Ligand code: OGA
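Form predicted on its own, single chain, as structure tokens, below.
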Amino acid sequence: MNCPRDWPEPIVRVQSLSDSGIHTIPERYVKPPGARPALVSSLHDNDNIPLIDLGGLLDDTLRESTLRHVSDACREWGFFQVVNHGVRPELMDQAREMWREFFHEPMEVKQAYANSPTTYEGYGSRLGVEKGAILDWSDYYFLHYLPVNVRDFNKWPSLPNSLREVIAEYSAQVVRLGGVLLKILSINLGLQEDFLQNTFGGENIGACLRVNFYPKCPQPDLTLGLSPHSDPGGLTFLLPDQQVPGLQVRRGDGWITVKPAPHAFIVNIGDQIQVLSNAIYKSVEHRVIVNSAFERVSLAYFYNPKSDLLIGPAKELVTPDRPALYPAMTFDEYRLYIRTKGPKGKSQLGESLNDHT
């Protein structure tokens, strides 16, 4: 399975559709009835994912309970929010608002960075290359930060003026946080504290950013900003829109709308951690709803294994009672599924690995 070099159909920018003042969305964005969001209140309205203060790691009296809270969240939710994480609040706000400015630059500025399915890097409006697929109501920008040999500042927007400097500083701080979380997960799994970091490639991990732009939608009950999926990588650090909720996490048969805490990151387990932990920790489906009154901007930072390293269940977590549930494969091989077929629940976890056996 290889990614085509170009999109199967002409790309339409969702922001342009929204700005045109249409009252009905094109058929290409209308989800089947069973896949449409229920925008009415539900039993889960008051629920939220766990909120964890990482400041407790620096306090000997709170360290054990903080580790336990992270462990419980990984086992029971696959999602949690963290505060006191070491990334400056002003930098978080600056990064989000600079990207919002980018999406409001003239179209010719953005089009200069138009992406292709080969690497996805740049300005995009679809995931997957299946002709005639039902699309999501969103545009995005995708860029690489690590490993250093794939970082190309020419593919980072030059406008707004200081965006490149801000995103470089933001990236360095989020990557540092990723190392802290991998260490916590390793300890909680009973592994050496540097196990997951070394398995991901040490200093040579993969780190990339997807900035999501969800324009206002005249019929938000018929579509989604991002279809249900689990993240194919290791850990995801989401900087959400502080004013406009939209992320929903699967919980049982329903969906919980995440209520972001001020200057918190939303962290979720990706498929590679599910594989490495032999399903002690599981990635969880999530999706994004849109609305008719407000646009929404979020920054998803993916902390992934170096793409050419074999990833399989840690041998320390494989026992006669719990045999290895997954074969080893590289992240490059694994993520081809979502890059060709687009977001499809958690099906890539089964199908990618089955194709490899």
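These figures come from a predicted structure and were not determined experimentally. Note that residue numbering begins at 1 and tracks the sequence as displayed.
Below, we refer to the form predicted in complex with this ligand, which is not included among the displayed structures.
Comment: 204-212 is the region of 190-198, 170-178, 95-103, 204-212 lying near this ligand in the predicted complex, near meaning a non-hydrogen atom within 4.5 Å. The closest non-hydrogen atom of residue 231 lies within 4.5 Å of this ligand in the predicted complex.
When contacts are judged by a 4.5 Å heavy atom cut-off, residue 247 counts as touching this ligand in the predicted complex.
In the predicted complex, this ligand stays beyond 4.5 Å of every heavy atom belonging to residue 304. Contact annotation for residue 288: at least one heavy atom lies within 4.5 Å of this ligand in the predicted complex. Within 4.5 Å of this ligand in the predicted complex, a heavy atom is found for all three of 226, 238 and 300.
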